[in-house]
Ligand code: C2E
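The chain that follows stands alone, in the form predicted alone, written as structure tokens.
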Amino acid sequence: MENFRMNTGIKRRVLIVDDESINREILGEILKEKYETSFAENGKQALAMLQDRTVHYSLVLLDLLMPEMDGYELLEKLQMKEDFAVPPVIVMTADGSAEVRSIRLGAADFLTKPYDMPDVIKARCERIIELYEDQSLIRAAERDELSGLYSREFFYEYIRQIEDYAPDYRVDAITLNIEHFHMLNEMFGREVGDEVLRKTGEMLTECFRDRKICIGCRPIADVFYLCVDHAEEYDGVFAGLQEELARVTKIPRIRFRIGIYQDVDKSLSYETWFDHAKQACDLIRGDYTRQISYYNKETNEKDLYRERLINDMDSALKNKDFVVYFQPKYSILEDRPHLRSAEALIRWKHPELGMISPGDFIPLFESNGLIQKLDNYVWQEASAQIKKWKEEYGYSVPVSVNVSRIDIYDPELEEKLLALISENSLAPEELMLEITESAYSNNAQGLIETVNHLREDGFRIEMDDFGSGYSSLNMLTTIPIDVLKMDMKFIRNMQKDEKSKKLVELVIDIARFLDVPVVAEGVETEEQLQALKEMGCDIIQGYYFSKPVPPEEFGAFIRKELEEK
């Protein structure tokens, strides 16, 4: 396919260097129709003209034998020049033996005197200029102008070539990110930001100069990729890099995040190598205790899973993929257990991942503040379900819902809860609020004030997981609660461990002292039930009666309760 060329109508300029005026005139006449021509009588004069940056030369026609500075010396000097772009050179001489030496010194082509074939001269000039311009375009596409590293396309192509010629080499993929780079541009200006990118490219090149394999690219603004031969550790390699960059650029607090995928899996695509390195890099976003993170397949899969859950949460709320299950609570004070209330427990039926354990997503959402969205959703679903059961069976089943620590500090908490019971025509005591014991220990005074307001509104407050390790007897004299819920670990161990049994008895005694009912959760056997009944436990919850079930199955417990009344 022919190269597409833009026709600008601008003539390219050719510099003719020859000490013989007749030769200059002949060549000028041959080329004048298509090219602008300039002339020099020797190499020294030509060098000065080429150094003039106001004039661009597309080609040099160079005689070898000249006074002051001959063609060979000019070629040697041009090879060493880095401060201006050197155009291609066609050597002109009658000495055929000079061709090899000229080519070795950088000449692009060779013309023999005399100039008796004008069309050949014009054709060769045109071809050399085209080749040079094509190479210049390739070089421009090959390199990132700012960092001096390869462009993304050439970077992957060079990796492919390395793999073709050295497939047994173990290599590492590295991603380096300049954190908050956009802020550098905004605070110091684009020129300073460009200087940071330029210096980073130079410093990375210097860091790995002695490695057998080292190629790099800047795929996007503030990200760098490196493919290097495998090393066991990198702490020493990058040590001091941030500080040196800050010193050179005079910009403090520049921070690099570095992700490394060591000994890459060659069966994966090159793009995947650097995706893995980037995943490792992203894991330390905002973590100022470390600079380097290594990709680990098992850990990364867990991190990706957690990221997936976070990203899918909003759509799950919208599509009602979260389903509220209910576990019944039974009063055991009389001969026959009576359905007393229920606890709302969330389940996630993911359309692709299936049923997701609450142990996977609840701690995750608690750690990043998303639990508030989920709690609000559960409150809405539970309130609507209480109303539905009342309408269907004429029977009220109070439901306990979790109130997380983050909910307590929501200034609109009271307003939200009151709105829910109003919308669903409920009494406040029908929506019971479970608050974990640990919440009281964080900001007891603030929580107590909030809880007092809620109790004044008519809500009943349950302390969940009592005895899990945060309690103090002094706290029990000040906390406002209506129900004490015992940590299920005590129940599991009370038949095997005398201390656990004594603790259960102690918690029941504390509840009597506070004049509040006690709920034992996690009850699974008849033996546990009878033991708790003998101790004076009020209410039990657990698999002995039922596992948590969806709302449509819970109706069976209500119907049975109504039949036995």
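Please read these numbers as outputs of a predicted model, since none were measured by experiment. Quick note: we count residues from 1 along the sequence shown, nothing fancier.
Another form, the form predicted together with this ligand, is not on view; read the next lines as being about it.
Backbone and C-beta atoms within 2.4 Å of 3 or more ligand atoms means blocked; with that in mind, superpose this ligand from its pose in the predicted bound form onto this chain and give open or blocked. Open.
This ligand isn't shown here, but in the predicted bound form which of 523, 46, 66, 519 has a heavy atom within 4.5 Å of it? Filtering the options by heavy-atom distance leaves 523.
In the predicted bound form, which of the listed residues (81, 127, 347, 230) lies with a heavy atom within 4.5 Å of this ligand? Filtering the options by heavy-atom distance leaves 347.
Judged by heavy atoms and a 4.5 Å cut-off, are 327, 343 and 465 together in contact with this ligand in the predicted bound form? Yes, because 327, 343 and 465 each have a heavy atom that approaches this ligand to within 4.5 Å in the predicted bound form.
Tell me which of 52-60, 535-543, 30-38, 505-513 has residues with heavy atoms within 4.5 angstroms of this ligand in the predicted bound form? It is 535-543 that comes within 4.5 Å of the partner.
Give a yes/no on whether residue 362 approaches this ligand to within 4.5 Å in the predicted bound form, heavy atoms considered. Yes, residue 362 sits close enough to this ligand in the predicted bound form that at least one of its heavy atoms falls within 4.5 Å.
Would residue 358 count as a contact of this ligand in the predicted bound form, using a 4.5 angstroms cut-off between non-hydrogen atoms? It does: once this ligand is placed as it appears in the predicted bound form, residue 358 has a heavy atom within 4.5 Å of it.
How about residue 262 - does it come within 4.5 Å of this ligand in the predicted bound form, if we only consider non-hydrogen atoms? Contact with this ligand, no.
This ligand contact at residue 551 in the predicted bound form, heavy atom, 4.5 Å: No, residue 551 is distant from the partner.
Residues of 401-435 having any heavy atom within 4.5 Å of this ligand in the predicted bound form, listed in sequence order: Counting only heavy atoms within 4.5 Å of this ligand in the predicted bound form, the contacting residues of 401-435 are 402, 404, 434.
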